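Below you'll find only one chain, the form predicted on its own, shown as structure tokens.
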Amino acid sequence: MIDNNAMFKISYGLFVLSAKEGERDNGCIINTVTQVTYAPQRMTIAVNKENYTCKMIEKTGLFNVSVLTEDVPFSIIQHYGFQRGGQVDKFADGQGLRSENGLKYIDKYTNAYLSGKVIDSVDCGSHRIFLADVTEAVILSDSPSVTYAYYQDHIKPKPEKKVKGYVCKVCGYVYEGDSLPQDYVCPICGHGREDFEPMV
């Protein structure tokens, strides 16, 4: 038996992953960043393959990770996590600063940023894992990092009205209806039916 809810007991953070291809900057929300070695300093990130940012990293081999803090407003999660980068310029308003690798990082609601240069990647189904050398790591504040659990409990708005439907456990999107189609995919974050639960 596999209870998908058990996976949400694993401690995750929330991060803005950013990349640049040509003159185009983009970013998305991810929840899986791991230091794997300290000599040399290396990390992995896991990114949904449907994300435009993932495709940019596959081509350029470079990325930045901005570590979000507990004071991050839901609007930042919406901006980077609930819009498609291929359709919306997420950095059009000029927010963010550039690190040494020329990529943007988020300087508000962030306690650190890490720059990575990809040395390997693995196709893992819905996501791609990138293994990267850390080329820059900078602390910006001592504010506590936001965890996925903190986001669920304190930042993500709760559904206001009682409707029959299913809610995406990843981004909070609500599918209204009596039954969820077997092949349903969240139109916001791209996660499948297994990451939805009935609304109560």
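Definition used throughout: the rigid core is the maximal C-alpha set that superposes within 1.5 Å between two forms. All values derive from a computational prediction rather than experimental measurement. Position 1 is the first residue in the sequence shown; the rest follow in order.
If you look for the form predicted in complex with a small molecule, you will not find it shown, but the lines that follow are about it.
Checking 132-140, 36-44, 148-156, 58-66 against the small molecule in the predicted bound form, the stretch whose residues place heavy atoms within 4.5 Å of it is 148-156. This chain lacks the partner; the member of K117, R84, R98, K108 within 4.5 angstroms of the small molecule in the predicted bound form by a non-hydrogen atom is R84. A residue is said to contact a partner when one of its heavy atoms sits within 4.5 Å of a partner heavy atom; I188 meets this definition for the small molecule in the predicted bound form. Residue contact check for Y52: one or more of its heavy atoms lie within 4.5 Å of the small molecule in the predicted bound form. Mapping the unseen interface onto this chain, Y113 falls outside it, with no heavy atom inside 4.5 Å of the small molecule in the predicted bound form. The closest heavy atom approach of V72 to the small molecule in the predicted bound form falls outside 4.5 Å. With the core held fixed, the Cα of G13 is displaced between the shown form and the other one by less than 2 Å.
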